[in-house]
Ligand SMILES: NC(=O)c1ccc[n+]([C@@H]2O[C@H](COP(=O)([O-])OP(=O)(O)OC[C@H]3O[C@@H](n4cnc5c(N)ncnc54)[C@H](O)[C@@H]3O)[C@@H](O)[C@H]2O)c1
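Heads up, the chain below is alone and in the form predicted on its own; it's given as C-alpha cells.
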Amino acid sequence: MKRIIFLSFLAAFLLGGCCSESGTIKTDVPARPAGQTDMVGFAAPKIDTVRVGFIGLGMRGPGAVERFTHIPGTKIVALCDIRPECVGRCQDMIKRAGLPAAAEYSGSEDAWKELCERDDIDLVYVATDWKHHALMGVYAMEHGKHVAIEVPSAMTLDEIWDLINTSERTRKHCMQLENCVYDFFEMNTLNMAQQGLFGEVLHVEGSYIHNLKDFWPYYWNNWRLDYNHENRGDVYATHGMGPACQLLDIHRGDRMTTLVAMDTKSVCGPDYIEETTGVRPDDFKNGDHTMTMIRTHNGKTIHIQHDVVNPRPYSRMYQLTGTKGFANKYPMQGYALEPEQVASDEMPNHENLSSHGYLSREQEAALVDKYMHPIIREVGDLARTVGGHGGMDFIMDYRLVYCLQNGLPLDMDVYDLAEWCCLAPLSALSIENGSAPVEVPDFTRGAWNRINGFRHAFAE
C-alpha cells in the first residue's frame, strides 16, 4: 500500500503537481510578480481604427482575414505564414475586397516575429498550430500588441501562466478565439439564463465530439494527429468549456475547484495510423473518449467530453440544467420549462407546457424572439451573410473589434483562456494518477469573485 501511494505521489510530481493528504493533486499557483495587478474587468484605451496582423494562414486564418474585410474600423496591415502561397491567397482576398495590400512575411519560421515587431499594429491574430500559440501570444504582448489566439491558446500550465503574467505586466488583452460562445443558440440561452428563466443553473455539459478521420491529412505536417498521438487527456476542451463556464459565471462570481477525468483505451487513432502508414503504433496516448467532471466553489458541476476518432455524429453537447428549466442543443435542440415560467400572454399553448417534455417548435420560436440576445438582434443577419461556422465566427471578430474600439472589457479575457485551456494538462494529470481528483488553480489569484455576472461587457 505504501508503494502505491509513493508511486502516485511520484507520478503527480512528474506531471507538474503534488498530492495533498486527502489525495487531491495540487499544482502550484505562482505568486503574482511584484508590481502587477489582475486583469479582471480590464479595459484598454479606445482604438478608433484597429490595425491587425494575421499569423497562420492555413486552415483558420484565411477565413479570419476574409471576415475582417467586412468589419468597419479595421485595417489589415500584415499577413504571415511560413508558406508564401498561403500569404498570396490572402493578399488576393484583400485586393478583391478593394482594400490596400498588406505587408507580407513568409519563408522563415521566425518571420512572424517581424510582424509582431512592427509599430503600426494594434492586434495580432494568431491562427497557427497549437504548439506555437502561447509563444506567439507572449511575444506579441511583449511588443505592445493586443493578441487574439485560436483555440486552444495554451497546452500546458507553464504556457497558461506565461500568458497570464505577460498580459498583466504589459496591460494588453489576451483573448482566446473561442467561436462557439457566439453561436446563436448559445448566446440566446445565455441571455435567458442571465434573465433568470432557468432558475439557478446547477449543471452544464459541453464537448467536442467530431470524427476527424477525413480531416487529418489537411493539418500541416500532420501536427494535430501527432499531438493526439503524443498526449493524453482532453487536448481540445474549449468548445465545450467556453459556453459552459459562461453559464456558471466562472471567475465572475464562481470558480472551478476540482476535476476528475478518465478515458477509454486507444483504438481508432492507432487504427487510422495503421491504415495510412502500414505500421500500428503501440504508444498512442490519447484515449478514444475522454470525460472530465468538474465541481465549482458554489456547488455547481460541469461535464466535458472529447472524442475525435470514433464514428459519432458531431456534437458539442451544450446542455443546461436549472432549478426552473432545461436547455439542450445536441442531438435535439430545445428548451423545457416549468409552466409557471411562462405567462399566458407570452407564449401560445402554454397550458400543455411541462418540464417533462420539450417546448413545441412554435413555443421555442416565441421564446427565442422574446429572449434573443441583443448582439444577435443587432448583427445576426449580417453574421449569417458573412458566414464562418454559420455566422458565429463573424460575431466573435465583430465583438472583439467593437470592444477594442469602445474601450470595453473583452467578452473573454486571459483568465477565461486559462480556465478553458487548463483541462489539457489537468485532465492528463488526473488520468495518469488513476482518475485522482485534481485541484483547479485560481488563475485570477484571488479576484474570481470581484465581478458578479458575465454582463460586464457582453451586454454592452
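Heads up: residue numbers just count along the shown sequence, starting at 1. Keep in mind that what you see is a predicted model, and the values were worked out from it rather than measured.
What comes next is about the form predicted in complex with the ligand, which is not displayed.
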| query | finding |
| --- | --- |
| Touches the ligand in the predicted complex: L57 (any heavy atom, 4.5 Å) | yes |
| Contact test in the predicted complex: H239 vs the ligand, heavy atoms, 4.5 Å | yes |
| In the predicted complex, L157 touching the ligand (heavy atom, 4.5 Å) | no |
| E150, heavy atom within 4.5 angstroms of the ligand in the predicted complex | yes |
| Stretch in contact in the predicted complex with the ligand, which is absent here, among 196-204, 79-87, 259-267, 244-252 (heavy atoms within 4.5 Å) | 79-87 |
| Option touching the ligand, based on a heavy atom within 4.5 Å in the predicted complex, out of W161, F184, Y139, Y219 | Y219 |
| Listed residue that, although the ligand is not shown, lies within 4.5 Å of it in the predicted complex (heavy atoms), from K300, R118, R224, K329 | R224 |
| Heavy atom within 4.5 Å of the ligand in the predicted complex - qualifying residues of 122-142 | A127, T128, D129, W130, H132, H133, M136 |
